[in-house]
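This document opens with one chain alone, in structure tokens, the form predicted alone.
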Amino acid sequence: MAKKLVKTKTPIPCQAADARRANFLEVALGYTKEMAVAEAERCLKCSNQPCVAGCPVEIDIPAFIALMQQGDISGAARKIKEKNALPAVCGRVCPQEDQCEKVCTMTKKFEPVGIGRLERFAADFEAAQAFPGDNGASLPARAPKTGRRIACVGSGPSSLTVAGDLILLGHEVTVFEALHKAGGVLVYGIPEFRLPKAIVQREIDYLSRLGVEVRTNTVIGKSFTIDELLGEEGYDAVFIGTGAGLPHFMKIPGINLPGVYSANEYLTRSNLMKAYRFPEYDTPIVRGQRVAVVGGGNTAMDSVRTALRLGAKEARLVYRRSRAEMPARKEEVEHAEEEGVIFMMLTNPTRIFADEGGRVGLMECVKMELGAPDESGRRSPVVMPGSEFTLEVDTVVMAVGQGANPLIRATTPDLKCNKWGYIEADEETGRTSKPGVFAGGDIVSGGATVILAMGAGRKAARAIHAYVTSLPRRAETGRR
């Protein structure tokens, strides 16, 4: 008898909106084992496996789902980790709806299989079953040591992927992080309610157990230059995965007033410096009552939802295009709406005014309408004449994009960058203009997703492996 198809995804339990807007606990609570197996049963086991082609890190999705159907959750987790060293992260923050799930055969008539939800469950289940000190996984076999050393600059998703792949191939890998905590954008840019810091630390601990060395408080370009890493520090290759963390601001009057923040600073204070856990962590952070966040991406959504949780009575999302053009994940938009975020679509700030104390008091805006498509294919917003109005605000957060930090390019003159300051690197290998130096993730592409950065890291890791194994042996006296 043929199996009856279930048309919709197994719902994932979530905190109630009224409760979660007052705390920083995770919104989505995850599947039970019964839910996960039921969702896995929806997989059609199609022969062409389009979901694998839709995954930037090439996870064998049908294979891990088949193991889940059999109830072998730990086996499913191990299968995922053959290709992805950060499954608990990807299962929470990757836009599966635009990648593996988008091309799932089920989408021809029904909802796709909840691949991301299953990946998250497998990783969490494995961690929960671990004995003390195991950190959630038995370790895969490493290839014999090659004696080659690779430096990964930055500890975000692209660098961690490179480190995880190359350590298994027998190389020595060191990850350098400028801040006091490893994880890059995963720890400073994504709020606790979307990605708990303990989850990120668990994944980094896993890499450490594989043998990856993580060195924090080390600023490449200051502590060491790229040339010094390749020279006296004795590394055979360097991967640059520093992301795009230089905030952009709108060029409007009043942008420098006290009370105007970049999303980068706002989220870093809350996330990495744990300002949301006051008074346990007495980190200064603004707790505005009338907050306006400008932008329409995931960073804007994270910022406005953080403002709510920090006590804002009004948290507005001001975006110059319509909801249909918003780049933020649909799930995050829906969660924000449920929590009470006020959406102001087709609206753009033009000026910020100070109050009597010299801080932000009013934000002047204009209404927009959509015109012809721009280079990205989205319709360009056009100002509606005579549509000016003001909003009472005491805090403005700018989430209108980020750029490349100039430190590495300023200290590495033979590293070719484009006019925006991003490193030029081959799309398939991550090779840069400088021999032995590779790059990937947002420092090459500009702001993108965690999983795309990981995909770039996977390609770069293959190229780095080929490069260092082809090098002649250094004299032992020249090595550190």
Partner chain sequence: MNRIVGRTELGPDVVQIELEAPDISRRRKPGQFIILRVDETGERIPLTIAGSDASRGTISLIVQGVGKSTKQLNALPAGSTISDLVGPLGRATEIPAHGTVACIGGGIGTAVIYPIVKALHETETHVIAILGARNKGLLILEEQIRALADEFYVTTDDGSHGRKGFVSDQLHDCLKAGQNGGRKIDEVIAIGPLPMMKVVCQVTKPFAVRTVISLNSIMVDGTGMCGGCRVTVGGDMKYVCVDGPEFDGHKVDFDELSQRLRTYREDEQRALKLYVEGSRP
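Positions refer to the first chain, counted from 1. These figures come from a predicted structure and were not determined experimentally.
Not pictured, yet referred to below: the form predicted in complex with its partner chain.
Only one of 178, 391, 190, 167 comes within 4.5 Å of its partner chain in the predicted complex through a heavy atom, and that residue is 178. A heavy atom within 4.5 Å of its partner chain in the predicted complex is found for one listed residue only; from 106, 308, 195, 285, this is 285. Here the marked residues 222, 268 and 280 all reach its partner chain in the predicted complex, each with a heavy atom within 4.5 angstroms. Stretch-level contact check against its partner chain in the predicted complex with heavy atoms at 4.5 Å: of 95-103, 361-369, 326-334, 401-409, the positive one is 401-409. Interface residue remark: residue 258 is counted as part of the site for its partner chain in the predicted complex, having a heavy atom within 4.5 Å. Proximity of residue 246 to its partner chain in the predicted complex falls within the 4.5 Å heavy atom cutoff. Within 4.5 Å of some heavy atom of its partner chain in the predicted complex lies at least one heavy atom of residue 218. Although the partner is absent here, residue 228 lies within 4.5 Å of its partner chain in the predicted complex, judged by heavy atoms.
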